[in-house]
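First, one chain by itself in structure tokens, the form predicted on its own.
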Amino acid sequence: MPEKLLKCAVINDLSGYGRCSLTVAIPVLSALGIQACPVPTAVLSNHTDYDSYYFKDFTEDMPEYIGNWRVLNLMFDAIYTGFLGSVRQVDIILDFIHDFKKESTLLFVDPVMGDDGRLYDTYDLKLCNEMKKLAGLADIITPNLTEACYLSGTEYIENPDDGFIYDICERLADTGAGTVIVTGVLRGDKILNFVRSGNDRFYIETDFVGAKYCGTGDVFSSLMCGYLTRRVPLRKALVLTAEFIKTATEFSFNNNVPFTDGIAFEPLLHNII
């Protein structure tokens, strides 16, 4: 029999310049042999770490956009959510999940909320609470340390030990989240990704190359979503993802790619397996 062709609904913003969100997810998922079906939450000329940007909120258009997918009775092997800018958008996505998620559909939530101990300017506590509802439904969530702390109601600290991070993972699992991956924990010259999945507790570490690029988390989550949609075992998927991020970061740093442009992953997509 021919191989099943996989489809993933990707709910995120579209930035025309700067590697992040949909402009990362679509090529990465495509390289993994998965059809990426975008649901834009906003359209930007470039991401918000540049000095100026154009922004168009797509919230009011989303119900009609998604409604036509209902008319067509479309089906997806995975649903992958990224940045959501309002309570209304979270409610729309909760309805989307209710209508489109089947028992076999992977729900992958990257709760893009903040970094370095603080929330992004677009977030408030009401939106945080809505994001907790979404994360609690997910099969996989990939918060960074800041996001994991806010979602679990834990006070953020710098340089936490393993026990602190695994405790956060347990609190997030208690809300209903399946596998929890706390991403991008910097410890000395290493980057660690902590995992809680059922009874498994472990972390994967790779070298930190001394550069922090915008949108790296989007590459990480897109790769993980793709591998897990293809049913690659979790630990193997995490190792492959972390190594790709390291290689792409080194390539970008050595080629003087501006940090705001994001890691130059495109020349390396052929290495994805």
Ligand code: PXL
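One rule holds for the numbers: they count along the sequence shown, beginning at 1. Computed from a prediction, not measured in an experiment: that's the story for all the values here.
Not pictured, yet referred to below: the form predicted in complex with the named molecule.
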query = Quick one: does Ile11 come within 4.5 Å of the named molecule in the predicted complex, counting heavy atoms only?
reply = no
Note to self: Check Tyr120 for me: does it contact the named molecule in the predicted complex (non-hydrogen atoms, 4.5 angstroms)?
What the structure shows: yes
>> Given that the named molecule is not shown alongside this chain, does Thr249 nevertheless sit within 4.5 Å of it in the predicted complex, heavy atom to heavy atom?
In response: no
Although the named molecule is absent from this view, report whether Leu44 comes within 4.5 Å of it in the predicted complex, heavy atoms only. yes
The listed residue (Val112, Val182, Ile79, Ala177) that reaches within 4.5 Å of the named molecule in the predicted complex by any heavy atom is Val112
The one option of Asp49, Glu205, Glu243, Asp57 with any heavy atom within 4.5 Å of the named molecule in the predicted complex is Asp49
Assert contact_stretch over 230 to 238, 61 to 69, 215 to 223, 26 to 34 against the named molecule in the predicted complex, heavy atom within 4.5 Å, equals 215 to 223
In sequence order, the residues of 16 to 38 that place a heavy atom within 4.5 Å of the named molecule in the predicted complex are Cys20, Ser21
